[in-house]
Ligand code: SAJ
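The form predicted on its own is given below as one chain in structure tokens.
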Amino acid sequence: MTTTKDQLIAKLQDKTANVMVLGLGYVGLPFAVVFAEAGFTVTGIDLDAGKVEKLNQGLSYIQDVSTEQVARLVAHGRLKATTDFAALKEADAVSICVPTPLRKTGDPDLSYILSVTDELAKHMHPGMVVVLESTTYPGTTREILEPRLGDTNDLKAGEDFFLAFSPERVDPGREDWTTINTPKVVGGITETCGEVAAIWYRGALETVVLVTSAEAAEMAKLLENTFRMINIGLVNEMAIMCDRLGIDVWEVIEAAATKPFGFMKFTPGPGLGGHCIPIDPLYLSWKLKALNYTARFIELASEINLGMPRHVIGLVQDALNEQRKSIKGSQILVLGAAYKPDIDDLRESPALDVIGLLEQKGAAVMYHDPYVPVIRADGHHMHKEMHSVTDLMAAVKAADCVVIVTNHKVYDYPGILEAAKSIVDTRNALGKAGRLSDKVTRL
């Protein structure tokens, strides 16, 4: 007798399964494209009508996905998008790729997950596999998704439908490790759930790593980013200590990195950015508080990293002091708004805090970023819209201080060094030239 599981696996293996991706952002769109390229018919669902319209016109709005690729898949009928969740009634395989930010109080905001899960629950039927990709705390898949999807529809996970967690590992701007070749961890609510989800993912991804539970997969993602967050916090504190001691932290890091074992190079900066490192470890910290346990490494590293934008303001103050100027009334040019080089991603970017803090102190702030023409932000300190300056070198010459926040490769750093009155370099973008110049204050 053919079971529900057997029927679904057959669809997944011959790629006749209808794939639905909930959320078409930095994670969802690359995921949808990879599975469409592998031969599945993929429908993306997103409430942003602008994204849906662009995708259906064959246009990409994500830097890591080319318009040429999207246009070809749309033309061949492999990829389409809609704002209507009713499309889920035809789904065989569903991937949930929605944001999981933190609230201003520091606790997890699962509203996007809850919203799409409730919409999905309206259209659940036997023979579906559902995988949550959105980063969250251990237990979310089992404690929140399973009852909403299964109990409300009288469906049993592992028999009638198959539920799993697989953490996204998208690093915007990378070309060496992408959605298709980055190993994919998968863990199911039951062993059968994990098996079915892994079969689906192996139909498009090069390496699938099956773990024993959804909780193990959820925790693996948090370990990855907690490791990075704590080590960045350590090297940020090292930068502050070296500043107090009059030692060049960048020279220290390069010297330590010559050791061929037992050391991994991390570099300091103006703060943490992106959709994972500043946020994911705090999900784990929040979860552990419910168990009366304090995640001390996470709390300390977060405190140090969150303090880095204010440390940068102190460096700007020092640099202006050399000109007998104060921050108040000075023209400050911030170079780079994206959270890391050569991308257009503003999520949690420390540039937003640096700009906001400078404005709070009365500075006239401009910014330039070749990838981010407009900042529309409501960050910790910044609550306004700004437009990138159009004449970069004129702005450099006019500024009392240039603050390098994001070290984009396209910048003419020798030209900027020559034209600027004063520079605060938070990324060692100027290298040796910055170390030797009296104009430059380095992190």
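Computed from a predicted model, the values in this text were never measured in an experiment. Just count from 1 along the sequence shown to find any residue number.
FYI, the form predicted together with this ligand isn't displayed, but the following is about it.
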query	finding
4.5 Å heavy atom contact, K156 to this ligand in the model of the complex	no
I277: touches this ligand in the model of the complex, heavy atom cutoff 4.5 angstroms	yes
This ligand contact in the model of the complex: G273, any heavy atom under 4.5 Å	yes
This ligand contact in the model of the complex: Y371, any heavy atom under 4.5 Å	no
Candidate stretches 265-273, 148-156, 190-198, 363-371, one within 4.5 Å of this ligand in the model of the complex by heavy atom	265-273
The unique member of D160, D171, D243, E237 whose heavy atoms fall within 4.5 Å of this ligand in the model of the complex	D171
Proximity to this ligand in the model of the complex, single hit among R142, K340, R310, H123 (heavy atom within 4.5 Å)	K340
Candidate spot N225, I232 and R427, all three touching this ligand in the model of the complex (heavy atom, 4.5 Å)	yes
Residues from 190-223 in contact with this ligand (non-hydrogen atom within 4.5 Å) in the model of the complex	K221
